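A single chain, nothing else alongside it, follows as C-alpha cells in the form predicted on its own.
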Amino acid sequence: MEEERSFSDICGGRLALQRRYYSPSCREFCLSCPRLSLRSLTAVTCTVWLAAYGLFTLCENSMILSAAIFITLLGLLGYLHFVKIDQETLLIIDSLGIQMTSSYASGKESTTFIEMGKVKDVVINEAIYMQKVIYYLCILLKDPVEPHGISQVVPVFQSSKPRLDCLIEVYRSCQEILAHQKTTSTSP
C-alpha cells in the first residue's frame, strides 16, 4: 500500500512524503524536496556572467570571461553532485535494521545502514536553528559498553528538514515497528 501527502519544511517549502507499507514489520518513507528551479539557476548564472563581462570591459582581458564560465560550470556540477539532495528515504525492517538513503540531483546516492540490534530507539528531538526551535527525527544507538546508555545520535532527513507534523507520522510508524520487533524478539 502506498500513500502520498504534502508537507512543508522549516522554511515553508513544499515536501512530499510517500509512505509504503510492505508488511506490518517493514515500511518505507520517501521525502522528496522540490527540484532545482530553472529560474534561480538562470539568475545566478546571469549575475556571475554579467559581473565577469563588466570586469572584462574594464580590464579587456578575455581570461576573466573564460574563468567565469569555467567557475560557474564547476560550481553547478559540484552543487548538483555534493549538495542538492532531491529525495531522502528511510526504510525500516524490524528483523534487519534501518536504511537511510539520500539521492542527489546528479543521480548519486548515499546509503547508511544501521543493524536493528544497535538501535535503542527512534525519537523526535528539538534544536535551536537560526533563532527558532526546530524538530528532527533521530535514531538513538545503544552503547556497547553500558546497556542503558546511548553511544550515538543519528539524525534522519537532515537535508529536507520537515516540520513536526511530518515527523510525527514517521515517528509513529517507526514506533509501531520497534514495538513489533520487541514483542517478536522476546517471545519464545
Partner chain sequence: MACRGDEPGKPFSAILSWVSPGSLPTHRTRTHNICMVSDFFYPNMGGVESHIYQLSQCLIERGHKVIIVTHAYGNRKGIRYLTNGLKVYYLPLKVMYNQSTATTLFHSLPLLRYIFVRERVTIIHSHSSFSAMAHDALFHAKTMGLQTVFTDHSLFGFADVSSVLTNKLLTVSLCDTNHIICVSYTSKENTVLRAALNPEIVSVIPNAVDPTDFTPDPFRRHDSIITIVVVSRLVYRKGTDLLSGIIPELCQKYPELNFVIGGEGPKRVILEEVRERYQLHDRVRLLGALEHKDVRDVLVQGHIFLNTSLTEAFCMAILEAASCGLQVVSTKVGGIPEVLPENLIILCEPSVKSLCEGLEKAIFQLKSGTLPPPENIHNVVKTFYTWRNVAERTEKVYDRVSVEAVLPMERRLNRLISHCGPITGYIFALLAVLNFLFLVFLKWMTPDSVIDVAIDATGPRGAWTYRCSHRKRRSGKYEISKTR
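What you see is a predicted model, and the numbers here were worked out from it, not measured in a lab. Numbering follows the first chain given and starts at 1.
Another form exists, predicted together with the partner chain; not displayed. Remarks below refer to it.
Heavy atoms of every residue among C11, H148 and R163 are located within 4.5 Å of the partner chain in the predicted complex. Checked against the partner chain in the predicted complex, the candidates M63, I128, C59, L38 yield a single residue with a heavy atom inside 4.5 Å, and that residue is I128. Scanning C30, I69, C26, L140 against the partner chain in the predicted complex with a 4.5 Å heavy atom cut-off leaves one residue, L140. At a distance threshold of 4.5 angstroms between non-hydrogen atoms, L55 is out of contact with the partner chain in the predicted complex. Using a 4.5 angstroms limit between non-hydrogen atoms, V48 is distant from the partner chain in the predicted complex. In the predicted complex, the partner chain sits within 4.5 Å of a heavy atom of I168. None of the heavy atoms of V44 is located within 4.5 Å of the partner chain in the predicted complex.
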